[in-house]
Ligand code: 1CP
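Below you'll find only one chain, the form predicted alone, shown as structure tokens.
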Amino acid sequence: MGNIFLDTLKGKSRERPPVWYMRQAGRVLPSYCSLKAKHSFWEMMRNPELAAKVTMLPVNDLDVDGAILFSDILVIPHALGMGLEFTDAGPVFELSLKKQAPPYTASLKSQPEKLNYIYDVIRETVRIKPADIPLIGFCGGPLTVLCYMIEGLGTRTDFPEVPKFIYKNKREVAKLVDLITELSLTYMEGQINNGIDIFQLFETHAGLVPAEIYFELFMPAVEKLGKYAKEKNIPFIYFPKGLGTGIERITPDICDFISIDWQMPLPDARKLVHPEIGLQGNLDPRVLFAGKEEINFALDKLYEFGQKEYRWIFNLGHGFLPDTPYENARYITNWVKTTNWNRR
């Protein structure tokens, strides 16, 4: 039989759902923490051997069905000329857009060569990974990337200035989104040309603005990225966290699968999302801090859904949280892979 991950993305029914996790190559793994104690984040990202090794850690330690490139969504602002440092307190830009005067694009310049080291990482990962493990490439969604560029701090998650900035500067925002999108397309092309098998767009902050604003200012960029993936025959997964009922407006020409956040039950999402689009998610990552009884209760709900829905990838509703117990992450992977899903 073919690869269970790629088969599922193509709409083929398999005996179980494939399983992988957002933020799987990180602090949930003791092996990653051991490497992090010896190397800085930048060093691990920029060294092809180290980054490839980190990319493969969850495959070896958690037994997941796919590897996701070890990188960061902030490489796009970095390649637009915003000074970026990954400090112990998190990533920090030299100067945020909110502290500048318009035109906000004046200080930005696309420098795609700053992304070349990532393609070295992809080639090294392809060299060392098992043939049956697909490699997932990614970038940040246009709104999410813009959030960090406006606020200037990669550790902020509430972004209080972003909605105000967007409402006050719609024309400038449109120009900024164009810059982000063009470089993201170049970045996607580079990832595809160097060996990724799947692409995911992380629009982690889609819910920061009303859906109407999101579809007006940011969805055209998503459509461009999705169209390019289809042209290259690369499965495209879209994760618009917080978009809510706006997911009913997503069409198959935008993405192949949509990743559902933990706020929305999967059966509800299935009713809203176009039937030709598969689903991914949406276990609440916080349940992994509970005991086995509570974890099993949450898994049973997903089992009911996964028995009937074969176009579904098991994942979290967002990424692993810091200090997530490794044994619980391993437990749910084993559960997915050893459960009899009673599919016909």
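Residues carry their position along the shown sequence, with the first being 1. From a predicted model like this one, the values you see are computed outputs, not experimental measurements.
Another form, the form predicted in complex with the named molecule, is not on view; read the next lines as being about it.
K.L.:
Please name which of the stretches 276-284, 306-314, 289-297, 62-70 has residues with heavy atoms lying within 4.5 Å of the named molecule in the predicted bound form.
P.N.:
Contact-bearing stretch, as computed: 62-70.
K.L.:
Can you tell me if Phe202 lies within 4.5 angstroms of the named molecule in the predicted bound form, counting non-hydrogen atoms only?
P.N.:
It does: once the named molecule is placed as it appears in the predicted bound form, Phe202 has a heavy atom within 4.5 Å of it.
K.L.:
Would Tyr148 count as touching the named molecule in the predicted bound form under a 4.5 Å heavy atom rule?
P.N.:
Heavy-atom contact with the named molecule at 4.5 Å: present for Tyr148.
K.L.:
Against the named molecule in the predicted bound form, would Pro91 count as a contact residue? Criterion: heavy atoms within 4.5 Å.
P.N.:
Judged by the heavy-atom cut-off of 4.5 Å, Pro91 is in contact with the named molecule in the predicted bound form.
K.L.:
Does any heavy atom of Arg27 come within 4.5 Å of a heavy atom of the named molecule in the predicted bound form?
P.N.:
Yes, Arg27 is a contact residue.
K.L.:
State yes only if every one of Tyr32, Phe41 and Phe138 has a non-hydrogen atom within 4.5 Å of the named molecule in the predicted bound form; otherwise state no.
P.N.:
Every listed residue reaches the named molecule in the predicted bound form, so yes.
K.L.:
Counting any non-hydrogen atom inside 4.5 Å, which residue from Trp262, Phe215, Tyr228, Phe86 sits next to the named molecule in the predicted bound form?
P.N.:
By the 4.5 Å criterion, the partner-contacting residue is Phe86.
K.L.:
Would you kindly say which of Arg330, Arg16, Arg23, Lys12 lies with a heavy atom within 4.5 Å of the named molecule in the predicted bound form?
P.N.:
So the residue touching the named molecule in the predicted bound form, by this definition, is Arg23.
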